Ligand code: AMP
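The chain below stands alone and is given in structure tokens; this is the form predicted alone.
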């Protein structure tokens, strides 16, 4: 693998905030960036890139344009048309991570199969393509289950929980209605995991197999959307070691070159893998301040063939900023920043909407609990 040096062009597929933060890091290192937004102009990533290509991911002319100006292609999201990878292969441009890893993460059925092949624990599940298969899956799993669309759906979208029904089976009409409500598409039916904590590991891996992680993050969700992250997670040493081991196992199995996030449930002293994302992740945002080398710099280093940096995190916390904070106008940023240890990151999104991620706050402190207390207080001041 040849090393890409500045001013090489990093081609980023996706115009969101993850691409924005990658582009900012790349430019600080002297690289140039080109972004295929997947939609309109002035996207969060495209607005800071050297080149913005405002077009759908399936636009053949747009993908050719991206490949023509890029020295390497990487991703800020996985649920995309992979035609850009084919165009890159035709032109001899490297794609990192490889498209097979994205295909596994973009489809929950493929994801489950990949995780099982990697030898890591997942919740018992079944696939269902119609109401009759759904009924059979619910009966077989025998307990509270989560229904999830196989493709699409994030931040709690495309999911329905079915409680345990005792000795009475769920009525066929009710399952048909749930199937319709989820779009009459392929589903994954998972037995609900009674977890104690939700955690994630963001790990970087190079072409040569070198890996570096940021420790184990502890996550809290509200209405299916990540609300806060603290690092390090409150776990016994052996569970922390097991979580890091699982993340490395998945990264090696998928032959990741770049960054991978592995989300897990903690059940007592056991771990169950929930989802993966072959890219930087919202739960890794605090690495920008907490680590010498953030998740975005690790992605840059890995895809360019550079040695990985030190991802070790100091105790830190992150709190997400959603669109409802703009309901009465611009939030009171100066009030949040009265604490000199609070860091504000806004994503450059023009239209705030309830549930839409608009930015985040981070803080580094002596303990993750102290850092979390400060980001909560700063976020509360935004509406004061």
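Given the structure is predicted, the values throughout are model-derived calculations rather than measurements. Positions refer to the first chain, counted from 1.
What comes next is about the form predicted in complex with the named molecule, which is not displayed.
Although the partner is absent here, residue 198 sits close enough that one of its heavy atoms falls within 4.5 Å of the named molecule in the model of the complex.
The closest heavy atom approach of residue 221 to the named molecule in the model of the complex falls within 4.5 Å. Using a 4.5 angstroms limit between non-hydrogen atoms, residue 289 is distant from the named molecule in the model of the complex. Proximity of residue 297 to the named molecule in the model of the complex falls outside the 4.5 Å heavy atom cutoff.
Listed residues 96, 148, 205, 301 were compared with the named molecule in the model of the complex; 148 is the one with a heavy atom within 4.5 Å. Comment: the named molecule is not present in this chain, but in the model of the complex one of 249, 274, 176, 293 has a heavy atom within 4.5 Å of it, namely 274. Looking at the named molecule in the model of the complex, residues 282, 343 and 376 place no heavy atom within 4.5 Å of it. Per the 4.5 Å heavy atom criterion, the named molecule in the model of the complex is contacted by stretch 186 to 194, the sole one of 127 to 135, 99 to 107, 303 to 311, 186 to 194.
The partner is not shown here, but in the model of the complex the stretch 232 to 265 reaches within 4.5 angstroms of the named molecule through a heavy atom at 263, 265.
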